[in-house]
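One chain follows as structure tokens, the form predicted on its own.
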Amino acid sequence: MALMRSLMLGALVMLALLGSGSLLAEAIEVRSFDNPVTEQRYQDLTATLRCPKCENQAIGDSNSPIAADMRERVYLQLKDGRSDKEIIDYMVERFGDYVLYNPRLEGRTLLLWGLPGALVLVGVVTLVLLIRSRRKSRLQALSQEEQQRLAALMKREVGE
């Protein structure tokens, strides 16, 4: 019985240590906003900007120091009354297009945006040409005599 109590106490201590460690690892940021709209804009911006250090993680979800710096800059710019576009432009100017999950439609990103549609179009055209080619080859596979016989059968069915 004493062994069971010791094991349970040890397990509880381990769980408490693991829980406190994970709590310490998370950064606590308290930000105050003038209105809920600005707070929602902050949430949206931090969810749409990608952390340059973390792989495919938004700055709002990342614990890296650079993401914390980016969140701080977003917060300060919102406090200054800048628009979302101005804030995003600032972040792109400072960190590059990588911070955008959806790259802007520009001349240099035209291929990125247009390539999937072009590939689908090429696939559809190829499929149509392949189907036409098979139909044509089936018709050409019949000899002249077979084609005449087929035509006669079709006329007879239509006539009946």
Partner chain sequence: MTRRLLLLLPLLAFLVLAVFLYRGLSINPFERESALMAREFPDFSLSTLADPQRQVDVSLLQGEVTLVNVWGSWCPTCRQEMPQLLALAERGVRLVGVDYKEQGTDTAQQRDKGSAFLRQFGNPFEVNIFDPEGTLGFDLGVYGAPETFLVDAEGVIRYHHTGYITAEDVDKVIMPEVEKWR
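Bear in mind that the values here come from a model prediction, so they are computed numbers and not experimental data. Numbering follows the first chain given and starts at 1. Definition used throughout: the rigid core is the maximal C-alpha set that superposes within 1.5 Å between two forms.
What comes next is about the form predicted together with its partner chain, which does not appear here.
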According to a 4.5 angstroms non-hydrogen atom cut-off, is Arg73 in contact with its partner chain in the predicted bound form? yes
Its partner chain contact at Phe95 in the predicted bound form, heavy atom, 4.5 Å: yes
When the contact criterion is heavy atoms within 4.5 Å, does Pro52 count as touching its partner chain in the predicted bound form? yes
Any chance Pro116 has a heavy atom within 4.5 Å of its partner chain in the predicted bound form? no
Just to be sure I understand the contacts: of Asp34, Asp61, Asp69, Glu29, which is the one whose heavy atoms reach within 4.5 angstroms of its partner chain in the predicted bound form? Asp69
Where, within 99-119, is there a heavy atom within 4.5 Å of its partner chain in the predicted bound form? Residue list please. none
Is the C-alpha displacement of Gln40 equal to or greater than 2 Å between the shown form and the other one once the rigid core has been superposed? no
Just checking, between the shown form and the other one and with the core aligned, does Val122 shift 2 Å or more at the CA? yes
Take the rigid core as the frame of reference and indicate whether the C-alpha of Ile131 shifts by 2 Å or more between the shown form and the other one. yes
